[in-house]
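Here you'll find one protein chain in two forms, each presented separately as structure tokens under the names structure 1 and structure 2.
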Structure 1
């Protein structure tokens, strides 16, 4: 007896559904296999150390790697730590200068290099060179430039009768000397991001504005900046997080015995001192947790405020 047409159609649909379900499971399996190395890396190198750091922030370390639980003592100790307050002040000054000024100069360079001028590729390469140069090499070169006895900057200033300052040893100047290097070395990276954002803006907007009689300045503030605002927002978040973690230039350019060290050390440098010089790993872990919380709070504020000035259309 032959099956009814309805039974054949039902079997066909069930077969199709079964095949689709099997294929979907297979796709999910392969997807998990593909992202497994990244997930394992995130857990081993980021999440697990983060959990350990949080636990160690409640401990006090002794000799030979031993430690004991002390509760909130490391956090209460922060309230009277003058060095911590000073490092927050130094980091705040560093952020106030490097983030806004770095973004402004990066946009300026990106806009200039987005024009049809000769040698654009060479200029872009020159601006990007500091990004692919090791920070230690940059620090050593600038340390020589800043040298008060035989550095190039003071040598050039002597031609116009100016006695150059102690760029890296004067407590009132050293931090700003480092800020200048940080801005210079960071322009290339942000410039590339802004350049890609600029090239993603449709030319038709500029053509329509030009037909309406808008000048370059008007087009920049009415078209370029609003459409570039998502990129500016991204760069501001990344720059702020990076600025909170600045360490290498201080480590390489400021001597451990320099009188300017107190006025230049950042939060991360203070963390390094406690963790690897003073063997005070419990307090260092508490500093790291505090830094994480501060960055999280500021990032959340940035995410909330973006609705007021970032245009995604």
Structure 2
């Protein structure tokens, strides 16, 4: 007996459906297999530790890795911790100088390199060199340049009749000496990002402005800056987060016994001290949590502020 047309249709549909669902199921299976290694790794080494750090921030540690719950004590302790407040201040000063100055200088270099001149590749390479260089090595050579007795910097200053300061041991100056090195080493990285942003600005805008008789300065403020603002926003968030985690240069350039240590140590430096030198792990965890909270707050503020000055077209 010939099946009715309707039956054929239904059968075919059912067949297609079951085919689709096995196909779908094998899709799911593949997806889970493919994300499994990374997700398990992220969970074991990052997500779970994140929760543990929150937990540890409410504990106090004993000598043999034992710890006990002490509630909010680590957090209340922070309020009267002079070192922590000082490290916040240091980190703040560090951010205040490296982020705006770093961005200003890297935009300047990017704008200059975006002109039609010879040798841009060479310049770009030279400015980029510090970016690929190990911070430990950068710290070492600058320490030598800064040396107040035999260093080149003070020798050069003596030519113009200035007696150079104790760059790294004077508590009032040391932080700024490190800031200079940090700016020096970061210009190349941001410059590359700005350069790619600049190259995305259509030439026709400038041509039109030129017809209207606009000079280079007007063009910079009326065209370049607004169109570059999304990139500036991105770079400023990234530099800010990076600056909050400032550690390597301080660790390498300021000796543990230096009188300038107090005035240079960053939040992360203090975290490192408490976690791995003083074995005060509960307090260290609380510092890490505080750092996270501060970074989140500032990122949220920046996100809110961006509406006022970032132009997306």
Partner chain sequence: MQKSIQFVRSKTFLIHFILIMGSIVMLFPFIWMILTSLKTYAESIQVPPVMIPEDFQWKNYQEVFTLLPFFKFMMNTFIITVLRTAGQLFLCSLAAYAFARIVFPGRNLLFVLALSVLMVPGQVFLLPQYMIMVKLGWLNTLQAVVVPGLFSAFGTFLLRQFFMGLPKELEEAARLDGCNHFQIYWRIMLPLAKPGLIALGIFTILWSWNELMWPMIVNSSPEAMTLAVGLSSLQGQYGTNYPILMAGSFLAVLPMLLLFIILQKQFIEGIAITGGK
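As the structure is a prediction and not an experimental result, all values here were calculated from the model. Numbering follows the first chain given and starts at 1. Definition used throughout: the rigid core is the maximal C-alpha set that superposes within 1.5 Å between two forms.
One of the two isolated chains is the form predicted in complex with its partner chain, namely structure 2. In this comparison between structure 1 and structure 2, the rigid parts meet at a hinge, and the single option from 75, 198, 54, 210 located at it is 75.
Hinge angle between structure 1 and structure 2, smaller rigid part versus larger, from C-alpha superposition: 8 degrees. Superposed on the core, the two forms differ at residue 46, whose C-alpha moves 2.7 Å between structure 1 and structure 2. Superposed on the rigid core, the forms differ at residue 31: its CA is offset by 5.4 Å between structure 1 and structure 2.
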